[in-house]
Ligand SMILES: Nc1ncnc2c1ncn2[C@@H]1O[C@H](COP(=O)(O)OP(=O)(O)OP(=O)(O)O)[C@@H](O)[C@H]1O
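One chain follows as C-alpha cells, the form predicted on its own.
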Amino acid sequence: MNSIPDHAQLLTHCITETMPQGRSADYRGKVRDIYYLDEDRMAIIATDRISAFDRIFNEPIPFKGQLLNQLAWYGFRNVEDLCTHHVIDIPHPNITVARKCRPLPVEVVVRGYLTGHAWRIYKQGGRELCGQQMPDGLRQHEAFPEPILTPTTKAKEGHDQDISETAILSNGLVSEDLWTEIRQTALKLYQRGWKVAQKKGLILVDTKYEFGLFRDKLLLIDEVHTADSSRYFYADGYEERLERGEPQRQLSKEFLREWLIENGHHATIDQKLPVLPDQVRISIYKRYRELYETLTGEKFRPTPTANFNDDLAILLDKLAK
C-alpha cells in the first residue's frame, strides 16, 4: 500500500483479534497479543484495539497497531544508551520479536506537568499522589518544579491502582536496590524523551514505563514514549494558553478520555462500555499518525492488514525454527 486510504476505507483496516491457523495468543493484553517462541523469545503483536480507563473498546482504531509498534521502536532506539531494552527485531510493522522477560508488578509513571489524573486529584484539594507532594499554587498543565514518580500496580483485571514507593518496598514488590535502579533509569528516560520531543515542537508531559528482568538484568519493556504510554502538548502556544487558563493542544490518548468524560461515559464505563462513533475513531487515528510523523520525521506508509493472520502464521513458523 503506497498511500493512506481515504476515510471511507480506513475503518476496514483493523486488527482486533489474532488467530494464526487457529492458534490463540499465549497472552492477551489490552492492546498486544503475545506468542511465545522459545524459552528466551516471544513475538508481540500490536493490534488495533484501544483502551481507556482500563477498559478495552469493541471498536478498533485503523492502523493503530502499526503506528504504535513503529513509534515504540523509534523510542527504544532513542534511549539505547541509557538502558537495555527487550527488542530483538521488528520483522513486520505490527510485530516485535523481544526477549521474554519477567515483568515487574509495577508500572512507573513520570509526570512533568500537573495534568490528567494528577490534576483531577489536585483540583479536589489533594496535594499528595503516590507519596509525592504536589506544591500549592500550581495551575492546570503547569510544570512541576521537578518531575515526580507516581507508580501504579499492574492489575490483571479492573483498574490499576496508585501506589507509593514506600508501599512498593514494604510489600516486597521490588527490592530496594532494584527500585533505586528503576527510579534513576525512569527519570533519565523521561528527560531524554522530553528533549527529543522539544526538538520536534512538542512537550512530553507525562509517560509510563514498564520494566522486566531477563536473566536477572533489568530491561525496559512494552513501549516507550508512544501515544498509548505518553501525553504530549504542542510547544507552540503552550505558555500563552497556560497564562489564559485555556486547554492545551495535545497529541495523546487523552483525547479519548476527555470525550468519555464530556459525554458522561466515564462514571458508568465499568457497567456499560460506550460505542466509539466512526468520526471519533478516525480522529484518534489522525492523532496517532500525526504524533508518529512529527516525532520520527517520516511519512506513515501503512501495510495492508487483510491477510494479517496468514502473514502472522508464516512468520511465527519461520521464527520458531
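In this text, residue numbers run from 1 along the sequence as written. In this text the structure is predicted, and so the values were computed from the model without any measurement.
This next part talks about the form predicted in complex with this ligand, which is not shown.
| request: Sort through Arg183, Lys100, Arg120, Arg249 and report the residue having a heavy atom within 4.5 Å of this ligand in the predicted complex. | output: Flagged contact: Lys100.
| message | Can you pick out, from Leu37, Ile34, Ile284, Leu260, the residue that has a heavy atom within 4.5 Å of this ligand in the predicted complex? | response | The residue from Leu37, Ile34, Ile284, Leu260 that makes the contact is Ile34.
| Partner proximity in the predicted complex: Asp222 to this ligand, non-hydrogen atom cutoff 4.5 Å | Contact check for Asp222: yes, within 4.5 Å of this ligand in the predicted complex.
| said: Would you classify Glu210 as touching this ligand in the predicted complex, given a 4.5 Å non-hydrogen atom cut-off? | reply: Result yes; Glu210 sits at the interface with this ligand in the predicted complex.
| said: Taking this ligand as it sits in the predicted complex, is Lys154 in contact with it (heavy atom to heavy atom, 4.5 Å or less)? | reply: Lys154 belongs to the contact set for this ligand.
| query | Does the 4.5 Å heavy atom contact test between Leu276 and this ligand in the predicted complex come out positive? | reply | No.
| message | Taking 4.5 angstroms as the heavy atom distance cut-off, pick the stretch from 130-138, 197-205, 92-100, 235-243 that is near this ligand in the predicted complex. | response | Going by heavy atoms within 4.5 Å, the stretch is 92-100.
| message | For the stretch 43-57, I need every residue with any heavy atom inside 4.5 Å of this ligand in the predicted complex, listed N to C. | response | The stretch touches the partner through Ile44 alone.
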